[in-house]
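Only one chain is included here, represented as structure tokens and corresponding to the form predicted on its own.
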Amino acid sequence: MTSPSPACVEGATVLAQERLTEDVYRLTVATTTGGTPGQFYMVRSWDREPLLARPISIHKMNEDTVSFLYQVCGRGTELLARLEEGGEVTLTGPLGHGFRIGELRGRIAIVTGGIGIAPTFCLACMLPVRDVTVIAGFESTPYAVAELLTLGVDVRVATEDGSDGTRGFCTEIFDPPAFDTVVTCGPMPMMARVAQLCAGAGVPCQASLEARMACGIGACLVCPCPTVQGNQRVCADGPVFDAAEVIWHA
């Protein structure tokens, strides 16, 4: 599969930087480059170090802005978190293949874990909200849920410490036979379990994978994903795959 050539925007203006939890932020940038739910951008706000930009999925977008939901987990995201309104970032994107929205029909479940909730708002905006149920898992305090509720989406929360919603994992409150199609995004063990449950119930599932990336366009081959068709590139062939085709425990 091939994607349209991505845009490279240098000096895109930061419109907002919101701190949602101790280590989760939402960055909104002025750009007209858009994208589709499930696609991502390579984002950087520094000149030399770190060497590589960071891949971050589209959280929200309109005609002239894109928002990114990200978790601080290293040097690059630490630098992004220092940005303030009026600052500048370099964007390359949109990249990859997003969710196949035309295949999401009937009762739709979006099963997410942690920062995997990032593309959920963007996707939910493209679907009949009355048909969408978001099943979201967090270690503790949930985030990025309020906006989904304002859309009218059914949101079910699980937290590992029991601080909100049901105590436990989101996979424990996910009942595949109740849905016609499923989307999942989050930690690999969680998505592997979702894929297993969907396969057992005969429910189609699309999985949005994460991986360490260097180029984001499929040239460097550092983000392989084992599938029944051989190794695929998460950045260029994905990041969204048919969950039944991913070899989850390779």
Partner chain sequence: MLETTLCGVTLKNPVIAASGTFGFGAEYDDFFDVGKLGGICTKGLTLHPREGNPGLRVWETPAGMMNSVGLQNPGIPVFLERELPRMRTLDTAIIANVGGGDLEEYVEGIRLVSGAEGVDIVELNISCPNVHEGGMAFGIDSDVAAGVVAAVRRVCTKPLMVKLSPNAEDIAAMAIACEQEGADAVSLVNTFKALAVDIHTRKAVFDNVTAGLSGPCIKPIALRMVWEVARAVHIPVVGIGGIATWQDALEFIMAGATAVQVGTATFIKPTTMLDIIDGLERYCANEHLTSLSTVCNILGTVPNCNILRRIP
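Numbering follows the first chain given and starts at 1. This is a predicted model, so every value here is computed, not measured.
Although not depicted, the form predicted in complex with the partner chain is the subject of the following passage.
Interface residue remark: Arg44 is counted as part of the site for the partner chain in the model of the complex, having a heavy atom within 4.5 Å. Although the partner is absent here, Glu10 sits close enough that one of its heavy atoms falls within 4.5 Å of the partner chain in the model of the complex. By the criterion of a heavy atom within 4.5 Å, Val29 is excluded from the residues contacting the partner chain in the model of the complex. Contact check for Val203: every heavy atom lies farther than 4.5 Å from the partner chain in the model of the complex.
Note that among 61 to 69, 48 to 56, 32 to 40, 179 to 187, the stretch whose heavy atoms approach the partner chain to within 4.5 Å in the model of the complex is 48 to 56.
Residues Arg212, Met213, Ala214, Cys215, Ile217, Gly218, Ala219, Cys220, Leu221, Val222, Pro224 of 212 to 229 are found to place at least one heavy atom within 4.5 Å of the partner chain in the model of the complex.
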